[in-house]
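Next up: just one chain, as structure tokens, the form predicted alone.
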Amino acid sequence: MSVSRPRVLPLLSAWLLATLLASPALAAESRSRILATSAATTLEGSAGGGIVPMAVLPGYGAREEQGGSAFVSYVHLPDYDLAVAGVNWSWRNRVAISLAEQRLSHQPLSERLDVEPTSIRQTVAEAKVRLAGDLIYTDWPQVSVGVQYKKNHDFFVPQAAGAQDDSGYDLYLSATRLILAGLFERNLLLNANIRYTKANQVGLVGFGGDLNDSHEWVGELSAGLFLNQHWLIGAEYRQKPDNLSFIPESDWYTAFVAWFPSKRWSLVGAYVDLGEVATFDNQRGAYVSLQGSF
């Protein structure tokens, strides 16, 4: 049975957020990129939406600058709760690294499996490189490649479900474009990814399974419309692999509202539909994420 104990990364993320919100000296206002171009932060720590990364890099640093952010996120579903905290950093709008810690509470699943009511903790480390283009200023989209290494620290339940490994990697390629006055005279954000993965439920249920133990390509899409410079509405879709016969895996969907009151911080709220998650159907609920940038 896992023992609840303080973790350095969530505490660091919370401290950074509190410091950023309280201290004008550490704000991101002096960075060169325009408001909202840092995006939000996904559940895996990458700059993007809630469940789908984008080609943008975290923070507001441009060619000669650095930037980054800290974030905390929470997903509430009928039978699961997921808490995430993390930090990320970018250099000259070219290279970014991130680190996120996820903790999944799953008491109903433990009861169904007749095991101890534990939680599952996973760490995700990512590196992302902008390959070409710019979100706004070139004729082609901004294109980035990212690699995520994921380590599941509580493998008992994933192994009982048939997962083959407690760690793995995802590789993804993103293309993102902000079209000025693209729809109804409002700025339109478009994003598409391809991901190479064998993660079950993004790795929270391990990697690989009895149906498939190899990486495969899946697709991801997101789009948003800026109502003004501070408010963005949109939706996301994430295709999922299906590696386990015991627990079929559904594709994920979100509909979100993002608020960017300043470069210093942002707040995202969303309706999430994760379909069937580890034997429980109709996992629909709410998502919220708070991000502070520096």
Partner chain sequence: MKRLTQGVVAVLALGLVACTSLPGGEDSLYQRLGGEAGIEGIVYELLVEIANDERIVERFRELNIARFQQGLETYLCSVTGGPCQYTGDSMRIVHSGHNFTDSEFNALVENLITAMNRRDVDTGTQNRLLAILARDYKDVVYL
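Note that the structure is predicted; figures quoted are calculated from it, not measured. Numbering follows the first chain given and starts at 1.
Only in words, not in the display: the form predicted in complex with the partner chain, which the text now covers.
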* **the partner chain: the contacting residue among His76, His153, Arg112, Arg186 in the predicted bound form [heavy atom, 4.5 Å]** => Arg186
* To do: Determine whether any heavy atom of Leu227 comes within 4.5 Å of a heavy atom of the partner chain in the predicted bound form, and answer yes or no.
  => yes
* Asked: Might Ser245 be said to contact the partner chain in the predicted bound form, defining contact as any heavy atom within 4.5 Å?
  -> no
* Asked: Taking heavy atoms only, is Ala255 within 4.5 angstroms of the partner chain in the predicted bound form?
  -> no
* Asked: Is there any non-hydrogen atom of Ala223 lying within 4.5 Å of the partner chain in the predicted bound form?
  -> yes
* Ala161, Asp213 and Asp281 each touching the partner chain in the predicted bound form (heavy atom, 4.5 Å) -> no
* To do: Tell me the stretch among 167-175, 100-108, 77-85, 187-195 that has any heavy atom within 4.5 angstroms of the partner chain in the predicted bound form.
  => 187-195
* To do: Pull the contact list for 267-282: residues with a heavy atom within 4.5 Å of the partner chain in the predicted bound form, in sequence order.
  => none
